[in-house]
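In structure tokens, one chain follows: the form predicted alone.
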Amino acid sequence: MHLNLYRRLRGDPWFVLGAGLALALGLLLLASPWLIRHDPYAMDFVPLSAPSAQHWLGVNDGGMDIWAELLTGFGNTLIFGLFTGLLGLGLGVAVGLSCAWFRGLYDLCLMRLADLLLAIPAVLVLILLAAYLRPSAWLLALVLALMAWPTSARVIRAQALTLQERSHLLAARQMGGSSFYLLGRHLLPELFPLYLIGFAALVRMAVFMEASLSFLGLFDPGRKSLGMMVGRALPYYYLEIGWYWLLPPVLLLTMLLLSITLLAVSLEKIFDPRLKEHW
């Protein structure tokens, strides 16, 4: 099964391209401590300087090295996305599995709560929260995860309800298996492909949300971010330095979102049986 899965992933151009981009970005992030030659927060250089051997992408209007700012902002944006994705997925898995297993009033209440959260536009909540309360990035990620779990929970609940009717689970239940054992030993691992799909979708949404809020200037102005760089570079687009300042964060953000999207589409295409016949 694992060999067959490996062959299918390797033969899917969407997965190969997405994984290649993700690998390149991961290597760039891992190498960033050696590639950053200046303190990204130091304002010691001549503002709006052109690229040089000392400053590979030049210096911004605040006298900060753009290359150091770019790699630091990339790391912050990615960490925000991964943290939100992991938290949102954990909540979605816990709620989805428990609702499918216990059903009844517990299931009804949580699914209505999920419907309510799905109807609320998360971006507006985050904008208001960031504008009026100025919370930390970690708190915003937590709020976003608390609002983003319903999609994963509904998908996992639906699939778990189907799996519960399979013979091996019915047999394990008749043999006296506890709820904890059946959930942990059978349902949890069998839904693993859905976790990958849900995680990729949550990370993509969180990265896009973080970049949008940073672009609008709603994050801490001292926190480096790709969206913040785009927002600050945009007024200087008519200068030569503007392109070295504006284009790199746009390209890096595009590559990051593209890699996550390609991986999510590929995983969904391979693991979701409803889509197989359409590809």
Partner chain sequence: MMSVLWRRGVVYLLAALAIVYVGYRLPGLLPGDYVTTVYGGAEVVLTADQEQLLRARYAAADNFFSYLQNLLLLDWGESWAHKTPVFTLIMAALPWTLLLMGGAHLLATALGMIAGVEAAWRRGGRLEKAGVGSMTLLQGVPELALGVVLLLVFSYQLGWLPAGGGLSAYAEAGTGGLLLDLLRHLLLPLATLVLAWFPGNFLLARASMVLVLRQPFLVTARAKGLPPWRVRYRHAARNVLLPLVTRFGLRLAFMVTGALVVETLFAYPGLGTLLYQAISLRDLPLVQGIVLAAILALLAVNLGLELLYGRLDPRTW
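Positions refer to the first chain, counted from 1. Because the structure is a prediction, the values reported are computed rather than measured.
The same protein has a further form, the form predicted together with the partner chain, not shown here; the description that follows concerns it.
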| property | result |
| --- | --- |
| Which of 185-193, 116-124, 71-79, 166-174 sits within 4.5 Å of the partner chain in the predicted complex, heavy atom basis | 116-124 |
| Contact test in the predicted complex: Leu247 vs the partner chain, heavy atoms, 4.5 Å | yes |
| In the predicted complex, Phe180 touching the partner chain (heavy atom, 4.5 Å) | no |
| Touches the partner chain in the predicted complex: Trp101 (any heavy atom, 4.5 Å) | no |
| Touches the partner chain in the predicted complex: Leu216 (any heavy atom, 4.5 Å) | yes |
| Residues from 123-143 in contact with the partner chain (non-hydrogen atom within 4.5 Å) in the predicted complex | Val123, Leu124, Val125, Ile127, Leu128, Leu129, Ala130, Ala131, Tyr132, Leu133, Arg134 |
